[in-house]
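The data below hold one chain only, encoded as structure tokens and taken in the form predicted alone.
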Amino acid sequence: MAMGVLVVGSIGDIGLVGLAQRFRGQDVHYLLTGQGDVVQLGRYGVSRVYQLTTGIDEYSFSETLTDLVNRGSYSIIITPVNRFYRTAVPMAAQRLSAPLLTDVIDVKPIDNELEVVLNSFGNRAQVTVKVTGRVLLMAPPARFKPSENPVNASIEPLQPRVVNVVKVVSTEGKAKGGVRIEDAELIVAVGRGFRRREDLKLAFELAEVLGAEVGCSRPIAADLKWLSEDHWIGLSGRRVRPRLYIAIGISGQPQHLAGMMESRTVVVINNDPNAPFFRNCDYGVVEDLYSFIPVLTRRLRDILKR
């Protein structure tokens, strides 16, 4: 299928070029948001870079992307998966009358069709769909690694199309102590196994000993409001990939697993031996968290003091 490929993202999303390279024989162009080394993009075969250095909201970005796609007659548009793009890209897809596929892990062009493999059902299954014509793909940049194919990349500053759909009436900085759970190397996650909000101190004490961040399942943030949504890990929350993930009192429903399946080592602590999480962990402890966590915290504190 004839096409032009446009990758969208910051310089940190360069992994998406690896996905674009699956479309062999096609020019790869890049809509670069923010500052970045254009030479680095050229090293991976990106022949043209549109640079958008002005920060804009999701509505204006969707209009800017739509205009660029139409101007360049791009058939394949690849963007990262994050909250900003989850808002902006669907609006662009609607304006372009094109399908949008998310959580893409592989593509295979076949004649005039494109086979796309998606993670689905909370990363517990893979779905293959076939599409024709223009399509927008959202994929995790870290999953792909571009190969070197040096070219001289041209650069074109891109003027955003500002749309006054939303008026910002005030801006407040995040409170001190706010977390960025996506960057955490160690995470202690809490769930409905905790009976009271005050009991979360057990998890915070363990996290302090380990130097970890505290995350949570959906009910803790969305329903009970015991923690802010900054801590929420799952399909509708944050996606994390720490070296160590300790889940305390979390049953392990697919919606939560979707947010942490890329964790390197997973430890589950739950008093229910039939909890689904035990089928998706490296180490499991069947024990009451109120008895086990204080002992674990003390032992770790003693060990780490040596």
Partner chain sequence: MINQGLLLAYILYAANVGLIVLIITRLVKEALGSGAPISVNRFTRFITHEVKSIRKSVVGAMHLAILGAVSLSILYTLIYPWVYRSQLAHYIMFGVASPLIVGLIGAFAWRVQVLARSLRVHGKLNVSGEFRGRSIRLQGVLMGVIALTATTLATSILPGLLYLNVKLTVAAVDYMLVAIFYVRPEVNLYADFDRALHDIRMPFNIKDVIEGRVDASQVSMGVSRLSELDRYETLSLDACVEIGACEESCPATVAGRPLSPRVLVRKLAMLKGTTGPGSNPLDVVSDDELWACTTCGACTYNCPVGVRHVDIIIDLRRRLVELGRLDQKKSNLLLNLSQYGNTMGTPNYGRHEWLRELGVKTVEENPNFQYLLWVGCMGSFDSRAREIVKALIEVLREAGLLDEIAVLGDEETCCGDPARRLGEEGRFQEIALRNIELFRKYGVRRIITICPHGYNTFKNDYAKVDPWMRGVEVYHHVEFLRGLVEKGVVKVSMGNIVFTIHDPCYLARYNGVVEPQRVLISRIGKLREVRYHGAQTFCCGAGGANYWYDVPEERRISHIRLGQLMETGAQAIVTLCPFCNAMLNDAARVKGVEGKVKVIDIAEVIRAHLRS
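Remember, predicted model here, so these are calculated numbers, not experimental data. Only the largest set of C-alpha atoms that superpose within 1.5 Å between the two forms is called the rigid core. Numbering follows the first chain given and starts at 1.
Below: the form predicted together with its partner chain, not depicted.
Although the partner is absent from this view, L235 contacts its partner chain in the predicted complex, with a non-hydrogen atom inside 4.5 angstroms.
Put simply, G45 is far from its partner chain in the predicted complex: not one heavy atom of it is within 4.5 Å. Although the partner is absent here, I155 lies well away from its partner chain in the predicted complex, with no heavy atom inside 4.5 Å.
When its partner chain is considered in the predicted complex, G36 lies well away from it, no heavy atom lying within 4.5 Å. With its partner chain omitted here, the record of contacts in the predicted complex names 214-222 of 197-205, 214-222, 69-77, 147-155, defined by a heavy atom within 4.5 Å. Contact with its partner chain in the predicted complex, defined as a heavy atom within 4.5 Å, holds for exactly one of S60, Q51, Q26, Q255, namely Q255. Using a 4.5 angstroms heavy atom cutoff to its partner chain in the predicted complex, none of S10, L31 and R161 count as contacting. The Cα shift for N149 between the shown form and the other one, taken after rigid core superposition, is smaller than 2 angstroms. Once the cores line up, the CA of Y85 ends up less than 2 angstroms apart between the shown form and the other one.
With the core held fixed between the shown form and the other one, G193 has its Cα displaced by at least 2 Å.
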